[in-house]
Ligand SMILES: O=C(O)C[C@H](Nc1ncnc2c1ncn2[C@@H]1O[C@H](COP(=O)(O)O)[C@@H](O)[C@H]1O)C(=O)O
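First, one chain by itself in structure tokens, the form predicted alone.
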């Protein structure tokens, strides 16, 4: 048997690359290295702007040339860094040497020693991770998540009046509308979106153990905490003033917890849609040429929602593990976070893949109103709640002396199929006011939806 050429171990980098590849712009080794170069370059500019150690501010053209190194970062740079790291055996040191080479190329050797000045590797890494995760969330994950919410919201409005039989504990229950049920998910997912959008991305820039020790020895008169704060904030991050060697990763635990929460609500959505398909409430729209089963030609399997379930579970497994692992670092630093953080993209990738499946799945279903109507018509006993509630109100109002209305309706309906004629006869014989009786006689399972339609406006 011949050996295969190099193959991706993760389906995210193989089978599903087209759905999640955009995350690689940020949550890949190359994306991380580009962010590291970005931080190193901006730190050089920040120092020269302040004239540290007799340096002169860079000209506008020199700054533009340095920033162009980041903007043009590509395959040749990725390869060069890989070659450097093969020698240094240290990823951030390789980035430092890479930046020094670019300074030499630009005739800026005079400021070479300001490269990585007073920095521990984690000063660069924590800011780089914060930048890449922030950009991945804002530019890739959140737009896809919002698209699913918007699609659901449109379906909720479209089906706001589509009466359906509810099922609590899997049993026929008080009717609702499909629009209202989808609106519940829109509301839940929107709350989480707002929380994710409000997330803080923290950064530290304070040296080997968070004490500014080397900084103070080199320049005792500089207000280093203020310099640190200004630099971190200039990168669009929130400054963390109190850390060990590492930024404590609490913001990551918070964010990944929110994404995992979103995954679980989406999982609930996927299982509900799957169940509605199973019940026939949603028809699946066959794709031309697609095969639903290798042996049963009639089948159209709800694979979009099944795939989403699996990927949401995988995503939460990774993100939950990261959230639990990253908040602990022995004493002033250990390296457990190093390998862990390299899997951030895996956690987001499976979530993004699930979002893609859900979005596509929602576009491949159609509500079957005839199935909803038949389901309602077969379950008139659900009106028992309405009848016993109206009787209670009539008793309180002095228009009825019926004892224990609940027990009365329980005896009539529990575990039984009761048709329209039987319920009408039962209501007609009740000792209640005429207006209440006429209201109940006019009621059907299809019209017994309360203000479900209006509740969609809460979106």
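Numbering follows the first chain given and starts at 1. As the structure is a prediction and not an experimental result, all values here were calculated from the model.
Note that the form predicted in complex with the named molecule isn't included here; everything after this is about it.
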property: In the predicted complex, the residue from 194, 335, 71, 242 that sits within 4.5 Å of the named molecule by heavy atoms; result: 335
property: One residue of 138, 264, 360, 342 in contact with the named molecule, assessed in the predicted complex (non-hydrogen atom, 4.5 angstroms); result: 342
property: Partner-proximal stretch of 361 to 369, 118 to 126, 211 to 219, 231 to 239 relative to the named molecule in the predicted complex, 4.5 angstroms, heavy atom; result: 118 to 126
property: Residue 90: touches the named molecule in the predicted complex, heavy atom cutoff 4.5 angstroms; result: yes
property: is_contact(residue 85, the named molecule) in the predicted complex, heavy atom dist at most 4.5 Å; result: yes
